[in-house]
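Just one chain is shown here, as structure tokens, and it is the form predicted alone.
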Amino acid sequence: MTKRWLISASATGYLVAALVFIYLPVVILVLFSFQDGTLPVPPFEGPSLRWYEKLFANERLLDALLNSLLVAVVSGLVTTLLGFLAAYGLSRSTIAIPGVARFLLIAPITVSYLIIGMGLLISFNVVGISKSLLAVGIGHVVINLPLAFAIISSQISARHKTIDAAAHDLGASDLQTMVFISAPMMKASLFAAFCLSATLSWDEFIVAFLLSQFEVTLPVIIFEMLRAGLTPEVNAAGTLVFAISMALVLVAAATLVFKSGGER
């Protein structure tokens, strides 16, 4: 009994320590974004919204915020569409080596964003695509496609294939089956894939930094602000990025959980 209690207490202590290690910096970031003083260091003076007011009065930062939202939404939609087409096609394909195709689609998730960004930068220079939000969006599609494909393909079951086959037997074309039957059946996983893709695009820095020039995203602006020194305004910008990212992740997770519960 004592040994079991010690194991349980050790596991609980390890879990608490891990959570503190992960979330304490975030708590400090959020706390000192409400600092009334000019430096985000103890003692805490506040709470105050002065740095959020300054944040939303910064036109360049607001432009970067809108750029981030645009890139996140568009790249998320494109990534979800491509991930769905790839997952749908492979699930109904008769190719001899579907495992190789799946590996090639998932493989980019193991490659460093720095390597992918540098490769895209060189490739874009060759084909004549200049540094821009378009280049950033394409880069985000490349790095997020493996995740979207994995989420969507994991939700395709034998039941989906049976229903598709029945639709074909009743005279539906491949396009009609995919658009009017398969896509609505998988709307939860499609929405979750979009949310996670948009989240990763929203707070991604390396690819955005390498592929943007004049029109930049919010993480790039925050990096520029950090180079000038740590201020409560930087904390406020970081808190904004964190809050939106967490909201999208929670929505995606809740969607998948609700879908799993409904299928039971």
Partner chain sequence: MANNAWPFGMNSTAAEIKETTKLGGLPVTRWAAYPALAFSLLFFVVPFLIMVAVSFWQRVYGRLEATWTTANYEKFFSKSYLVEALFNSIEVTVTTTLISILVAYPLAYILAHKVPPRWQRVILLLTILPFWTAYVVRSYSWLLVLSDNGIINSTLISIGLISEPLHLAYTRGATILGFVHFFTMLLTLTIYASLIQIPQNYRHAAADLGASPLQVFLRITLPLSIPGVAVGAFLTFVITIGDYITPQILGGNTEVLIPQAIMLQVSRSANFPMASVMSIALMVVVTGVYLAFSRHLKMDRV
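Residue numbers count along the first chain shown, from 1. Here, rigid core means the biggest group of C-alpha atoms that superpose within 1.5 Å across both forms. Predicted, not measured: the structure shown is a model, and the values here were computed from it.
One more form of this protein, predicted in complex with its partner chain, exists but is not displayed; see below.
Comment: its partner chain is not present in this chain, but in the predicted bound form one of M186, L133, A167, L145 has a heavy atom within 4.5 Å of it, namely L145. Exactly one listed residue, out of L62, L49, I28, L69, brings a non-hydrogen atom to within 4.5 Å of its partner chain in the predicted bound form: I28. Not displayed here, its partner chain is approached by I138 to within 4.5 Å at the level of heavy atoms in the predicted bound form. Residue contact with its partner chain in the predicted bound form: I7 places a heavy atom within 4.5 Å of it. Although the partner is absent here, I156 lies within 4.5 Å of its partner chain in the predicted bound form, judged by heavy atoms. At a distance threshold of 4.5 angstroms between non-hydrogen atoms, F34 is out of contact with its partner chain in the predicted bound form. Shown without its partner, the chain has L196, T199, L200, D203, F205, I206, F209, L210, P219 in segment 192-220 as residues with a non-hydrogen atom within 4.5 angstroms of its partner chain in the predicted bound form.
With the core held fixed, P25 shows a CA shift below 2 Å between this form and the one not shown. In this overlay on the rigid core, V16 has a C-alpha that sits 2 Å or more away from its partner position between this form and the one not shown. For V126, the Cα coordinates differ by 2 angstroms or more between this form and the one not shown after the core has been superposed.
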